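Below you'll find only one chain, the form predicted alone, shown as structure tokens.
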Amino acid sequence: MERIGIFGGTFNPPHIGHIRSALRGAEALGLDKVLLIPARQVPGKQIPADSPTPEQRLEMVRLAAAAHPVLEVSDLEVSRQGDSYTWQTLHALQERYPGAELTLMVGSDMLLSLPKWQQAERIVKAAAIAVLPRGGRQEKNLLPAGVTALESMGAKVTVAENIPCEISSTQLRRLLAFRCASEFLDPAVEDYIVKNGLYHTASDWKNLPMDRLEQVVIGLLNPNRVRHVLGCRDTAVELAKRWGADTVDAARAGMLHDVTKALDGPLQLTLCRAYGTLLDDFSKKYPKTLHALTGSLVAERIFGENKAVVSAIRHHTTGKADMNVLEAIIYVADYMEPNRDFPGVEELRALAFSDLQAALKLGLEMTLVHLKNQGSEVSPESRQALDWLKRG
């Protein structure tokens, strides 16, 4: 009896995590082959409007799988119009491979939602379920409940050992836009992406007008970050008017200051490696603080911003000694924009329009207290900034 794994998804784009999981699943489950089946459209999941066509995603999966004989790519769902329903795919595979033992390979996130899929009972009768853990923090707590729910429906469930890759297609699309995704892509896939200008790899984002800059940056942020970024930009402009700084530079720095914030700590390091940026010991120890540095690099290389804007972004979280007016404005605006709500913020807002240096000093002091309460180290640049302000 042939044992066939089914590994579906949008593959937007396919990355090394997909291939590693498919190969690991094939080995752990003793499968004869794994069918990689890109979806045309997943029910309830919005594929970004600027994504490649289904046919392009299918071709990229073929390129990613080409070197692995156990992997086979199917156009079953891409060739079917409309949403890609798993029960339909399983029915088609049962007809194509009569007598084969089918195993649906899913991530832990899909495991939890599977009982709500269309024709879920039909799915678990047609195929065994193999879970490929992704290594998330909550996974150990959630997996047992998901397995129990499926088993209560009569499903045969196996949790396969996996070596998760800390990347998602969403994050990978950001890295592609920042020109630093190579370590997560098969070279043939990356070459295809670049040749076809996919995922903004051919976009020229230098010196964009503000309305277009806003549109592009919002697309690179986590949705819950948008209000803060727009608030920071608008506050920076108001402070620039008050203190005689360039309002255009203030707006652009405010808009771009968190452009890489959506990348987690390891991916911040990925960007630094790709850009050939050397890091100090503090940054290596606390990579989550790197978004100011990486944001400044992206602002310069991808968006073509001037030195004043780049420097203001670079120092907007830690400050530094001898900050100029624009640097101080972006630091303070980030701290006290209208969506911020914490003890002392109203005092900071009042100071920002009456004594910018005093507001900067208060912001740095509050940061130091907060970090001390958390048991975290303080950046050397923040200490240097406070020493400079006290001397002044």
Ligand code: ATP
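Fair warning: this is a prediction, and the values are worked out from it, not measured in the lab. A residue's number is simply how far along the shown sequence it sits, counting from 1.
Below, we refer to the form predicted in complex with the named molecule, which is not included among the displayed structures.
Within 4.5 Å of the named molecule in the predicted bound form, a heavy atom is found for not a single one of Ser203, Glu300 and Gly304. Not displayed here, the named molecule is approached by Arg173 to within 4.5 Å at the level of heavy atoms in the predicted bound form. In the predicted bound form, the named molecule lies within 4.5 Å of some heavy atom of Pro133. Contact annotation for Met110: at least one heavy atom lies within 4.5 Å of the named molecule in the predicted bound form.
None of the heavy atoms of Leu263 is located within 4.5 Å of the named molecule in the predicted bound form. Among Thr158, Thr289, Ser168, Gln119, the residue placing a heavy atom within 4.5 Å of the named molecule in the predicted bound form is Ser168. With the named molecule left out of view, the stretch that reaches within 4.5 Å of it through heavy atoms in the predicted bound form is, among 188-196, 100-108, 143-151, 215-223, 100-108.
Annotation for 20-43: the only interface residue with the named molecule in the predicted bound form is Ser21 [heavy atom within 4.5 Å].
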